[in-house]
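Heads up, the chain below is alone and in the form predicted on its own; it's given as structure tokens.
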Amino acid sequence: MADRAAKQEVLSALRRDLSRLESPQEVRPALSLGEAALDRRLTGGRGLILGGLHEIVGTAYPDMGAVSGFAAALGARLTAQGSPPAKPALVWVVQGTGSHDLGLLYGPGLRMLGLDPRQLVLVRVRDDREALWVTEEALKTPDLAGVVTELGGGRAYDLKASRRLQLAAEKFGRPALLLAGHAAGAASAPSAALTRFRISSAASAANPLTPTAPGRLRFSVHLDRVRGGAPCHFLMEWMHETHRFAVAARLSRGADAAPRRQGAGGAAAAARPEAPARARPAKKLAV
């Protein structure tokens, strides 16, 4: 009888938490992505809720470079808040030499995106379990722009873990950007996150000065999960001059339905060091 009562109490606590998490978020501080059309699609209609968990996943394994580039661009907007020398730092949690064969973050590439490496605190961990613990602890740190965490696709991240991070982000008012793998893997699992961005690489914009060179970075962004809103799809362009996102002009024509690899390479190269060409294992390319 006592065990049954304890279970009922746990269920009641979970229902209270879920009811609170599903409540409107309009009053929470939010970060504009740089264009009202994008901000309106997110929870609360004002941009990215700062006190929340936001998942960023790749459509497939080769899109993980674009995922890193998209996270770095969001990090640039987060760290741009405040005035010098009080600009906040961003914690980036990585595993070993970097998840998904992408190598480590590359300072000049980050600076090109607008993310100052001097504002970056790189934390290396051994596995997903340790990464989740560090993320939760980092969210408690004052004067922090947010936490970006790379997961390796293990089973440590589940609904319970996402709920812990969402509650921590909400309590301390800082965003957790979780790079949770690709949609063909654990990234499609149930989650308490406010949003889930699914990123596909896209061809860069035309370069007005050198037609044969890449232009502005573009990301094909599926907003698969948005609390209080409906899923949608954008072709987003990163404006290097102003460090903000914009909707690409060809969005309405659905040109991003079949993304090409040029854009993904551009985003990955911006955030990662150039690695020597080598053959990839067939099983990784098949995911």
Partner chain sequence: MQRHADRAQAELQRLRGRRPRRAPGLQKNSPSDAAEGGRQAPFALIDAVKGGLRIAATNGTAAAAGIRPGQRLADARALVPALEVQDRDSAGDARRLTRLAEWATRYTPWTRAEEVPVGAHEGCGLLLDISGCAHLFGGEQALLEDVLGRMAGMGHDARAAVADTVGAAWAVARYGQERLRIVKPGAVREAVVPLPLAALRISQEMADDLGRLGLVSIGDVLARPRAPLVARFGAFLGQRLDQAVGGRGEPVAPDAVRVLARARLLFGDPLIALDGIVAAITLAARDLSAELVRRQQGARRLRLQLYRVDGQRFVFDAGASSPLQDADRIAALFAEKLVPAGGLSGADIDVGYGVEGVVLEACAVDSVAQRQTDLTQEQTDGSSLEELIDRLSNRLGAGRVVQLTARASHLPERAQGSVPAVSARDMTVEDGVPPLVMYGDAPLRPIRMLTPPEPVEVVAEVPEGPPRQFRWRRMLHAVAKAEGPERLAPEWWLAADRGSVTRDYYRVEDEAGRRFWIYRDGLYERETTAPRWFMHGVFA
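As the structure is a prediction and not an experimental result, all values here were calculated from the model. Numbering follows the first chain given and starts at 1.
One more form of this protein exists, namely the form predicted together with the partner chain; it is left out here, but the text below deals with it.
- Here is the short version: of 167, 134, 192, 80, the single residue with a heavy atom within 4.5 Å of the partner chain in the predicted complex is 134.
- Taking the partner from elsewhere, every residue among 89, 102 and 112 has a non-hydrogen atom within 4.5 angstroms of the partner chain in the predicted complex.
- Although the partner is absent here, residue 161 sits far enough away that none of its heavy atoms falls within 4.5 Å of the partner chain in the predicted complex.
- At the 4.5 Å threshold, heavy atoms of residue 151 stay clear of the partner chain in the predicted complex, well away from it.
- By the criterion of a heavy atom within 4.5 Å, residue 240 is counted among the residues contacting the partner chain in the predicted complex.
- Heavy atoms of residue 51 never reach within 4.5 Å of the partner chain in the predicted complex, leaving it off the interface.
- Residues 137, 138, 141, 142, 143, 144, 150 are the ones in 137-155 with at least one heavy atom within 4.5 Å of the partner chain in the predicted complex, listed in sequence order.
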